[in-house]
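A single chain comes next, written as structure tokens; it is the form predicted on its own.
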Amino acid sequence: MPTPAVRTAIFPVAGLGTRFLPATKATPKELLPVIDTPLIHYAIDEAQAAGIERMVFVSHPSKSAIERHVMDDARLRAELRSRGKAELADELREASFPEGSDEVVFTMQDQPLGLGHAVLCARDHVLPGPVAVILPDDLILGQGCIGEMVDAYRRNTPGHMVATMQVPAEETRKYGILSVTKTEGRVLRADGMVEKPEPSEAPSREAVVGRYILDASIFDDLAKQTPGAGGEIQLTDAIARGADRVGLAGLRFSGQRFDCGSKAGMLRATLHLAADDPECEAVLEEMIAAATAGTLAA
């Protein structure tokens, strides 16, 4: 029996981005740019390259700017054309979804009840089969991570699949850690996950980051999930609960991951991309020269 196709991607974007206040008071974190491209664009491009047919954005009523950004704005395009900026108008059209498109759905998560609850909010809008979950503030550059996972999922049929990367032992307390039972190339068979274990208790150093492909049974498991710490419904708990029943695997993705939910991670991503941007070359050289001369402010 062929593995069902991954046709839907869920984007949990309801978080208020408190670590970036006051910048995120009016601008959602997902619209913050890395150089000149908002985080949400990277996530959408990654999903489209993987052949995703429908994107479900689980947002918050205070973050209507995301929907305005993602959807086509015919009035703005007309204004640009009237000013002789037809090329820019065409670029905006290509980067947006048309009104009424069944490729994109927005639904609301009114209360901050956790990532698991956000995924559950998308239940009525997903297409049949397994679903992808993409966290836009986990920026992964290089080969499309979710595309690599879709390919691996098609070949291995693991039930639930998570993206993983190896971290130093002292950093296991920052991540969900996969309990690996067998390694098959870049695919890691597992029997569960442990959320933020101390290094002495971590079952491996394979950290789970913001990409998932989940068997459709995840919605039933989340619906039965009791709230954990902070009253939140944890996605990792539901995945671990289903591991024995549907299977669980990790994929060591090939790209480079940046935690753009933090200021340091956003800065690292910006500098990484700036290094390949000719417009930024002179600025970086100035910074390096100043640092070398010891004149860069602490």
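Treat the numbers as computed from the prediction; the structure is a model and nothing was measured. The first residue of the sequence shown is number 1, and the count goes up from there.
A second form of this protein, the form predicted in complex with ligand G1P, is not displayed here; the remarks below concern that form.
Is D138 one of the residues lying within 4.5 Å of ligand G1P in the predicted complex, judged by heavy atom distances? Contact with ligand G1P, yes.
Is it the case that L214, even though its partner is missing from this view, gets within 4.5 Å of ligand G1P in the predicted complex, heavy atoms only? No, L214 is distant from the partner.
With the partner left out here, check for me: in the predicted complex, does some heavy atom of Y153 sit within 4.5 Å of ligand G1P? Judged by the heavy-atom cut-off of 4.5 Å, Y153 is well away from ligand G1P in the predicted complex.
Counting only non-hydrogen atoms and a 4.5 angstroms cut-off, does M71 reach ligand G1P in the predicted complex? M71 lies outside the contact set for ligand G1P.
Only one of 191 to 199, 97 to 105, 74 to 82, 141 to 149 has heavy atoms within 4.5 Å of ligand G1P in the predicted complex; I'd like to know which. Contact-bearing stretch, as computed: 191 to 199.
Heavy atom of each of L115, G210 and T236 within 4.5 Å of ligand G1P in the predicted complex: Every listed residue reaches ligand G1P in the predicted complex, so yes.
Can you pick the one in R54, R252, R257, H41 that has a heavy atom within 4.5 Å of ligand G1P in the predicted complex? Only one listed residue qualifies here, and that residue is R257.
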